[in-house]
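The chain below stands alone, shown as structure tokens; this is the form predicted on its own.
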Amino acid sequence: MRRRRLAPVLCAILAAGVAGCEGEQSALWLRGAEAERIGLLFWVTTAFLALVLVATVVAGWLAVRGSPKIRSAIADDRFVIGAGLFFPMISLAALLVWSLTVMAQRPVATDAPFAVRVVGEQWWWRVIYRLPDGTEFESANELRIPVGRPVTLTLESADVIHSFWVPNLAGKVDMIPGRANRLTLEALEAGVSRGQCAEYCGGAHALMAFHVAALDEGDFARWLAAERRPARAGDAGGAVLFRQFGCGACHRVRGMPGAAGRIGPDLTHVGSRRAIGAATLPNGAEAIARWIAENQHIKPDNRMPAYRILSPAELRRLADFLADLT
């Protein structure tokens, strides 16, 4: 009777575990060169441990149910010393040397068409691109890279310890205040991967995510050319509201007078991003309106106040203005 009650629980746990192994944030869905090396290390280690487990179970069963000759051989000092001491020492040492070889640090990419600095802040990501001619522009909570070309990221923190992790593409690297760490990403195929802060950093830590979009060379070149340009002119009434309610004190919109804030994310091309609020909501005018008015409900403790003083018409017009910034 107990087994019948336990079976559905075990099935539910197994299903939940399997469901966690697929999707755009799965460490088993390998889409990057670094992730492939981590995947190889995982599967080889898992296979080794599975063999050890099977051998241990078999040896334990034989020690209890085997013939007297087999039980005597298992109890012999030579078997105990060999299987219990020398085998673990030799096999684990070999596994350690091999894993260090597989996971050896890759050289910094020097042929990338740009440099990228990612700064972790509570609770979002500032992404700064620097082109060879010295031009810089910012994005937020989204990184775009070309397929098949290594791109080295400089990872920093503006406040507390964060951790940059894109399971599909690479392992996690901590972002420590006052220190710059580096991570090389190389996407092997086009697509979007989801990343997450992997170090607890305060109240909204669980909602501090981002996207990495790997684009073919042509698509990436077109995006780069469009992204480096100032924002195109949007609805004049929406721009007036943007300035009237002080949005420009915290947010920058390149090319727009009175919008040079550096406290919050750069909104120059916010309408072209996949999501807002550090991947909390899918992008769009409706989502932007919700975020402006109810962001403390959607993402508690974030640094932006909720603007409930706007009338429905003002809120809609301001949201449309921001959604048109592509």
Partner chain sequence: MSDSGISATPRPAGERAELLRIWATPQGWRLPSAVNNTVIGLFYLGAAFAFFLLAGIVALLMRTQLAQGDATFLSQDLYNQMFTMHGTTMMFLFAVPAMEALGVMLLPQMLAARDLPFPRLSAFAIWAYVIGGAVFFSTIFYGLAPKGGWFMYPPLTLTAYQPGDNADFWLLGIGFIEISAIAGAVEIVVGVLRTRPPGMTLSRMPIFGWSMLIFAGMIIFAFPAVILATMLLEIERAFGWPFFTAARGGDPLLWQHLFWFFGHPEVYIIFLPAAGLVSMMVPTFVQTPLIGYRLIVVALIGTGFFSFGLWVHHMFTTGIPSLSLAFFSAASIAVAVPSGIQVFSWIATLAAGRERLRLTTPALFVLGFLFIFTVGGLTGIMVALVPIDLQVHDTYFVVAHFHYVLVGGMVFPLFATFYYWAPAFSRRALSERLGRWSFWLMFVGFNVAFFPMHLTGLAGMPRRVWTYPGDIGWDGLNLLSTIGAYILAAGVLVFVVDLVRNFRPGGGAGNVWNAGTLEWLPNDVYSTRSIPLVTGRYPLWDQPNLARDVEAGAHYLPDAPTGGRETLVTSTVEAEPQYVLQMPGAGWSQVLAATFTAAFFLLLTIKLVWIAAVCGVLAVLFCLVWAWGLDPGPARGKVAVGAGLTLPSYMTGPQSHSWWAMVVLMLVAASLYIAYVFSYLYLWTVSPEVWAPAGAAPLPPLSRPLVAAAAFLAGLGLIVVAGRSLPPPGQRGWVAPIALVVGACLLATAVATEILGHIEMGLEPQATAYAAMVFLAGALAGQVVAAVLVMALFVAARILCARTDRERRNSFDHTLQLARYAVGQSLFGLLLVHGFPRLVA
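Note that the coordinates shown come from a computational prediction; the quantities given were computed from them, not determined experimentally. Definition used throughout: the rigid core is the maximal C-alpha set that superposes within 1.5 Å between two forms. Numbering follows the first chain given and starts at 1.
The same protein also has a form predicted in complex with the partner chain, omitted here; what follows describes it.
Asker: Among 96 to 104, 224 to 232, 140 to 148, 127 to 135, which stretch has residues whose heavy atoms lie within 4.5 Å of the partner chain in the model of the complex?
Answerer: In short, 96 to 104.
Asker: Does the 4.5 Å heavy atom contact test between residue 35 and the partner chain in the model of the complex come out positive?
Answerer: Answer yes; at least one heavy atom of residue 35 falls within 4.5 Å of the partner chain in the model of the complex.
Asker: Test of understanding: in the model of the complex, would residue 272 fall inside 4.5 Å of the partner chain by heavy atoms?
Answerer: Flag for residue 272 set to no.
Asker: Is the gap between residue 238 and the partner chain in the model of the complex 4.5 Å or less for some heavy atom pair?
Answerer: Result no; residue 238 lies far from the partner chain in the model of the complex.
Asker: Against the partner chain in the model of the complex, would residue 26 count as a contact residue? Criterion: heavy atoms within 4.5 Å.
Answerer: Residue 26 belongs to the contact set for the partner chain.
Asker: Using a 4.5 Å cut-off on heavy atoms, what residues in 147 to 179 are near the partner chain in the model of the complex?
Answerer: Heavy-atom contacts to the partner chain in the model of the complex: 158, 159, 160, 161, 165, 167, 170, 171, 172, 173, 174, 176, 177, 178, 179.
Asker: Has the Cα of residue 201 moved 2 Å or more between the shown form and the other one, judged after a core fit?
Answerer: Result for residue 201: no, shift under 2 Å.
Asker: Superpose on the rigid core, then tell me if the C-alpha of residue 133 is displaced by 2 angstroms or more between the shown form and the other one.
Answerer: No, its C-alpha moves less than 2 Å.
Asker: Is residue 216 among the residues whose Cα moves by 2 Å or more between the shown form and the other one after superposition of the rigid core?
Answerer: Shift at residue 216: below 2 Å after core fit.
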